[in-house]
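Only one chain is included here, represented as structure tokens and corresponding to the form predicted on its own.
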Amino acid sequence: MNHAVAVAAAMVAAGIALGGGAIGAAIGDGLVGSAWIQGVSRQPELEGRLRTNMFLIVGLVEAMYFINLALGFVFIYAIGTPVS
């Protein structure tokens, strides 16, 4: 029974971490998009450079979420595997 509680706690913790990561990624993507729109409206001739930078930053923000997802599965697997 103790092992089942540990696995359930690991799953809940991973879910909370993923929820926080998703909220953070959404906020980050929104801020980057807003800054891009402001930059293009101020200097339209730099649209190409700003778009490249925007996609790089959005990619890095999303990569942080997917790393969080992978680590959540690793931790669940590590706790869920019984030690013999």
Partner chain sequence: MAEGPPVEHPTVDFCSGPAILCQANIDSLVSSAFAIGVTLLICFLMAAKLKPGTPGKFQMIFELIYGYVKGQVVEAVDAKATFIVPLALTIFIYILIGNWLDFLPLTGYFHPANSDLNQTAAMAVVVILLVTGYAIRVQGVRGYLHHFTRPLDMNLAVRVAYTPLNIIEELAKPLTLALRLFGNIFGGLVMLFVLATLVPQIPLPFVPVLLSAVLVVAWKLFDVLFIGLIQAFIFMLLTIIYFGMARQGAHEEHA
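Every value quoted in this text rests on a predicted model; they were computed, and no experiment measured them. Numbering follows the first chain given and starts at 1.
Keep in mind that the form predicted in complex with its partner chain is missing from the display, and what follows is about it.
Among residues of the shown chain, Gly30 is not one whose heavy atoms approach its partner chain to within 4.5 Å in the predicted complex.
Looking at Pro44, you'd find every heavy atom of it more than 4.5 angstroms from its partner chain in the predicted complex. Though the partner is left out of this view, Leu69 does reach within 4.5 Å of its partner chain in the predicted complex, counting heavy atoms only.
Interface residue remark: Gly59 is counted as part of the site for its partner chain in the predicted complex, having a heavy atom within 4.5 Å. Interface residue among Ala9, Ala63, Ile16, Ala22 relative to its partner chain in the predicted complex, by the heavy atom within 4.5 Å criterion: Ala63.
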